[in-house]
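This document starts with one chain, in the form predicted alone, laid out as structure tokens.
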């Protein structure tokens, strides 16, 4: 038996920016095939008798559900793990090192997914660094199920939805990534991943947010460079209305400020109180009328903070594709798992 794709077999997925554009297309094309032939695809047994570990520092709804469904539909099993149920070394407690844990887990499973977000770390970047350390020691692929910097499965699901609704050629389609008034103090991962992958696909990008809500400058520079390579436009504005003009896609999401960590702790309450001072940054029907033909798509990685980030009229409206994108998580994750862990079954 051989891997489904020798080039991608065993490859980690920490961020889509790390993968060749052609390999991202492989994932999307296979995901579309799997969506069209959900229970009858030739790779439906590619994980037969194999286990995928799901390591959750943070809880989830769609991530756990979609990965468990994905493993099952590929003929395998997804095992749920929590750090509190494992004797792992931390900054304040003795326990097993990442090296030892990764090497042992590599002998049990065919892949490891890890989810670690803002409130489980003491400074921005620590979650992403933890995934990279697991990737260094593990002999099996590490899949980022959302860390504090990136969320590759969500980014691929976003693009899959845009390609179906706007056409496979997304070049020069206009994306508005806009900060949303909100009460959840969200990390940067979904937003930064979308900006990176959208710019790889040649979209014109407008990034809009209030003063003081800058994202990771290295990530934004990478987005700017992606746009330059694709002859696409990139702009940053601080106006809650301007960016909607002629946008093809609106992605409205609350995100934390760069000052979210104080004295080694995530100041969630302080972030919420600060964000609620900007009610003019809610995405509503009047703003969506400014989009291209008044029919701009609304996307969001969910969960949606309705009444803060976006009104119900928009989130549940005819141009919202939030549920389609949520479903796409299942299909892109099946494709990722098949390509990086799957075996051709005879």
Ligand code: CP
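Please read these numbers as outputs of a predicted model, since none were measured by experiment. Positions refer to the first chain, counted from 1.
Unshown form predicted in complex with phosphoric acid mono(formamide)ester (CP); subsequent notes refer to it.
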- Message: Given a 4.5 Å cut-off on heavy atoms, tell me which of 53 to 61, 312 to 320, 276 to 284, 33 to 41 is the interface stretch with phosphoric acid mono(formamide)ester (CP) in the predicted complex.
- Response: 53 to 61
- Does residue 331 reach phosphoric acid mono(formamide)ester (CP) in the predicted complex if we count a contact as any heavy atom within 4.5 Å? no
- May I ask you to check whether residue 154 falls inside a 4.5 Å heavy atom distance of phosphoric acid mono(formamide)ester (CP) in the predicted complex? yes
- Task: Answer with yes or no whether residue 149 is in contact with phosphoric acid mono(formamide)ester (CP) in the predicted complex, where contact means some heavy atom within 4.5 Å.
- Result: no
- Message: Just checking whether residue 302 would be counted as a contact of phosphoric acid mono(formamide)ester (CP) in the predicted complex - the rule being heavy atoms within 4.5 angstroms.
- Response: yes
- Residues in 249 to 271 that come within 4.5 Å of phosphoric acid mono(formamide)ester (CP) in the predicted complex by at least one heavy atom, in order, are none
